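A lone chain, given as structure tokens: the form predicted on its own.
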């Protein structure tokens, strides 16, 4: 019997207790106190995650069952935990970043009539991601996977009085249902063929699984991850999901939801990497996603939408790294991205909070670096980290992926440099338009002011993480080796060569210089081209026409379902029901002619029936 540490139990017990107290006690009697048990739960989760990180770093790990929650004859599904390097490295980031965003939300949501409801949903979202990260089998992972999706639906549409919020929530929910079908089918295939979905058992027999089955499973995993982590072609729901409160956007983009798809790929990598051509396909999808989203981010005006496309781009970068075989680099960037992207979204939330809105555009800000110096400092640090500039966390993780791209050569090296230049361009453009200068076309916030301490302090801590977590690359590589299957080469993280670092820095500098030229030296350019080329602006807002594709697919599916439904219902089913009356009438009339009422006729029928039964028995 494997001993389960108390820290593992508390990862579930603390959030469940906080949700119970919040729902049954504070919500009905003192709704403004609902955040108190939630914040205490976050503190417990962070402490447990730190303990488990040290536990795994020391070379230990565990894979055990807490209880059995599905039993049917000799078949059962355990509710278990897997404490290894992959899960705990992401868990440490999710727990800390999520806890600080919870604290920020106390100030941001203050006075909102749905304050209690928000914190209960928000913490359930947090718990769902924790459960997903430490599950030890695909059925349990799928349970939390779907719970994450349900929570995101309620949080994106939290301000349900806004039609745009309701529409964005429904779009995200339906898109994810299409993607989640892939994971459900993969789980059903594993259950049907092997009656076991435990990761450890599947890793052990991965080499013996037929190639066709592995290929099908790999494609289904990639399809599910593309939806959850907003990879091409299923990325389009994420920019519209910005209709929720800023803390939701920060948690969703930095620590939960979109990271779940990348985590699924990493968790399933021992099965995916043995499928010929599939890792290369993932790399191509990642590169296309990253470059397309970088172009779109460079043309947006709403601050949160710029950051949303930025998230799509960096998720593509993570998939790009995984596809090139650099699992450690992909997870490393997942961790560093959690910190700097949380800072950027929370800073955008501070700007919107100062304007009294849910979001603001580049036309409503400008020249704020002196009026909001702390917000500017935090945004600057996170922007440098996202752009991959030296001495920041993003520099180390981006260069690790770029090193793999250069090792691959050819198109991969070119794509890596394009992604680096694009990232630096769009985030520098956003930085200059928001905090430097004030163009005639901009009407800045009338009375800009810093956020209260409960909002700015968490952002300061996250900004420190956006710099310091980059120094943990070697330790992360060591952690990932814990629990990694022996049949697959252990994750490693080689430091990038000076050539790779120089090339990456040159690409980032080129992107930043281009943004400076177009925003600072030509201050009205960003508005002039929109006035002169409204069709081009509409094309960019339509994602270069791609948004029409899913709309057309949905329209075609609805039309087909309507046609099929009408044909089956009217021409087949209705005709069968209406025609059955005549058939029944004729059958009954024929039967009535046989029923003469004569006793001798009845005896003859009894004898015939008895003879038929005896003949049937004799033949058997």
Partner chain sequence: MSQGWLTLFWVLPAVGGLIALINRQGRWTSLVFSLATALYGLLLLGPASSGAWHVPVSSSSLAFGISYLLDCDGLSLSLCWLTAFLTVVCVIASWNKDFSRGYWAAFLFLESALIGVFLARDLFLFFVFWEAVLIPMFFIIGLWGMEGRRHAAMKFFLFTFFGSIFLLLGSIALVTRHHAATGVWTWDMVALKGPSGTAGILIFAAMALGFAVKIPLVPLHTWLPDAHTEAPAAGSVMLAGVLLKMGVYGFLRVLWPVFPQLSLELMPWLMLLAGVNVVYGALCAMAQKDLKRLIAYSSVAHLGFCLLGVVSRTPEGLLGGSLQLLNHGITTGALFLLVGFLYDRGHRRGLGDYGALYKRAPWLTFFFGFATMASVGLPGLNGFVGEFMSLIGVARVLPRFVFVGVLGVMMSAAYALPAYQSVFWDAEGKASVSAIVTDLDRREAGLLWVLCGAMLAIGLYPAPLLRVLEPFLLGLVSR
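The term rigid core refers to the most C-alpha atoms you can superpose between the two forms while keeping them within 1.5 Å. Residue numbers count along the first chain shown, from 1. This is a predicted model, so every value here is computed, not measured.
Omitted here: the form predicted together with the partner chain. The next part is about that form.
Residues with any non-hydrogen atom within 4.5 angstroms of the partner chain in the predicted complex fall in just one of 29-37, 42-50, 555-563, 56-64: 555-563.
Proximity to the partner chain in the predicted complex, defined as a heavy atom within 4.5 Å, holds among 538, 521, 499, 72 only for 72. Taking a 4.5 Å heavy atom cutoff to the partner chain in the predicted complex, the contact residue among 548, 533, 166, 110 is 166. Shown alone here, residue 453 lies farther than 4.5 Å from the partner chain in the predicted complex, counting heavy atoms only.
At a distance threshold of 4.5 angstroms between non-hydrogen atoms, residue 240 is out of contact with the partner chain in the predicted complex.
Within 4.5 Å of some heavy atom of the partner chain in the predicted complex lies at least one heavy atom of residue 157. Heavy atoms of residue 207 never reach within 4.5 Å of the partner chain in the predicted complex, leaving it off the interface.
Remark: all three candidate residues (174, 574 and 577) come within 4.5 Å of the partner chain in the predicted complex, counting heavy atoms only. Residues of 132-158 lying near the partner chain in the predicted complex, listed in sequence order, are 139, 142, 143, 146, 147, 150, 153, 154, 157, the criterion being any heavy atom within 4.5 Å. With the core superposed, residue 29 shows a C-alpha displacement below 2 Å between this form and the one not shown. When two forms of a protein are overlaid on their rigid core, residues whose CA moves 2 Å or more are considered shifted, and residue 553 is one of them between this form and the one not shown.
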